[in-house]
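In the block that follows, a single chain appears as structure tokens, in the form predicted alone.
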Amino acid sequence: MAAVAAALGAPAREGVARLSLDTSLDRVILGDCLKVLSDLPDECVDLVFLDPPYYLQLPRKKLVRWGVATEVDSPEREWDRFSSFAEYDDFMTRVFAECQRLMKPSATIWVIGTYHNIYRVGALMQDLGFWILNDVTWFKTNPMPNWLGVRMTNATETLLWAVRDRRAKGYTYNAAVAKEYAKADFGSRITLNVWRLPICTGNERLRGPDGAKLHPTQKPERLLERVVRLSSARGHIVLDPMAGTGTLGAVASRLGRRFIIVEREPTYAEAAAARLGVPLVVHEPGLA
């Protein structure tokens, strides 16, 4: 899988002016998530996983380690840059509102972030009426070290798990699965909101023709496997509006779920379609 995009080449594209639920399932959609989601009908998905821009606000240049002649590349990309917190909040509020509209009454949503953004997105979710069920700490067993030595290494990310409003009933929670992971991670007999997992490395990491990692923050399949197994059932429809290289789709397909994968960056979308072996649909609302 390491060089899947290069090995398989860019998948064939099919342009569409408007999508439906049927034409969105089990394929990769290249397009702006807000425009794509607006095409989909109300209350059509059982689970949402959202890995939004973290708005890292890092320097625009590479960082040089103190006393070391090598360079440390920032994970920040153009899609992570906003002019202000106000612009970021406005964008995320619109995304959350669309996700909320698409969620079935029994659906849940997972949102992942770091200290850069998780407190903001949590507040935005609560302002929109989402009811948070849990926050989960992902403890990374192999975090990227902080070479500059000016602060502690960030070894965790936070996932917020929520229903669309406080009145939601009947959401899927597989308690036996939660116990299974708690026992594997810590030998605990009770469920825990801490997950112990490595970051994405090795053959799972998608790479471009130059051998460099294709996406700076590709999530490991083992993390998404926990999300899908814990909070959905076979046949459920799962949605990832900012899918990157399609990890949720890979996990959902393997576990018998249907998926809707949306990504705006052509390089990532093409790699995801090649990885999943599914069509790449280009959302072009301006088509006649």
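Because the structure is a prediction, the values reported are computed rather than measured. Numbering starts at 1 and follows the sequence shown.
Just so it is clear, the following notes concern the form predicted in complex with a small molecule, a form of the same protein that is not shown.
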- Work out which of Q100, S106, Q218, T191 lies within 4.5 Å of the small molecule in the model of the complex, going by heavy atoms. Q218
- Which single stretch, out of 172 to 180, 210 to 218, 142 to 150, 159 to 167, brings residue heavy atoms within 4.5 Å of the small molecule in the model of the complex? 210 to 218
- Message: Please tell me whether any heavy atom belonging to D51 falls inside 4.5 Å of a heavy atom of the small molecule, as the geometry stands in the model of the complex.
- Response: yes
- Does any heavy atom of C44 come within 4.5 Å of a heavy atom of the small molecule in the model of the complex? no
- Query: Does any heavy atom of V251 come within 4.5 Å of a heavy atom of the small molecule in the model of the complex?
  - Reply: no
- 4.5 Å heavy atom contact, L255 to the small molecule in the model of the complex: no
